[in-house]
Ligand SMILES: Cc1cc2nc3c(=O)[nH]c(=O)nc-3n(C[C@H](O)[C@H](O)[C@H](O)COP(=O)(O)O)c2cc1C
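Shown here is one chain on its own, the form predicted alone, set out as structure tokens.
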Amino acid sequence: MDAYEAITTTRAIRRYRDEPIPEADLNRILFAATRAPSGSNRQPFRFLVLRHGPAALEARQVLAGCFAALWGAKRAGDGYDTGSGTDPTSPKARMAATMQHFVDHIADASAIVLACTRARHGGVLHDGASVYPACQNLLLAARALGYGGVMTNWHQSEAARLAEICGIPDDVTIAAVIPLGRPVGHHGPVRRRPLPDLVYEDRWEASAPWAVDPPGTRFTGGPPAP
């Protein structure tokens, strides 16, 4: 596929087949990630890949615990099991089922990548600009090779424990956790909000006449219905 198709069809993949990712493919995925731009071309990002080593197995269990706890709180707080969520065919219920499967099986993902960065200047925005483009490169490369993943931040409550297990230095921050695997299901085309809702020209919320969705674009209605 060409680059534009990969960009417009890469979706968050949260269900994976029980298949290892060959090292040659991991190499290509991570090589693409390291080609991303960064501030002053410093490349402060580092990628720690968790597969089946002793530290990886321990870290996977820590991730499973904190993901389950955070999803449980979100599921209850956002009312995923009330209203339209009581209908198993509703978008809300399907989203809840997908998320439950994801957290129940996060420890079994073929590979889990900890995207890390050396923080400086004390600014998350500044630091993120030098690591998140690399994360997107990683996901696009995975898509091109027939894999899928999703960028998450649900590790935060156990970040210190993960750092201890994996020997991550104090001046390095885990910016994202990205599980990877061969998808159950498939990638896009994805549903998103209409382009005119998201793109302005000249002033805030001023329409851009040229911002028009291509024919056949499918749209999301926003968050799951209450």
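Note that residue numbering follows the sequence shown and begins at 1. Keep in mind that this is a model prediction, so the values were computed, not measured.
FYI, the form predicted together with the named molecule isn't displayed, but the following is about it.
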| item | value |
| --- | --- |
| Candidate site Lys92, Leu198 and Phe219: all three near the named molecule in the model of the complex by heavy atom within 4.5 Å | no |
| Which of 187-195, 160-168, 57-65, 42-50 sits within 4.5 Å of the named molecule in the model of the complex, heavy atom basis | 187-195 |
| Contact label in the model of the complex: Thr82 to the named molecule, heavy atom within 4.5 Å | no |
| Residue contact check: Ser130 to the named molecule in the model of the complex, 4.5 Å heavy atom | no |
| 4.5 Å heavy atom contact, Arg11 and the named molecule in the model of the complex | yes |
| Any non-hydrogen atom of Ala97 within 4.5 angstroms of the named molecule in the model of the complex | no |
| Within 4.5 Å of the named molecule in the model of the complex: residues from 63-81 (heavy atom criterion) | none |
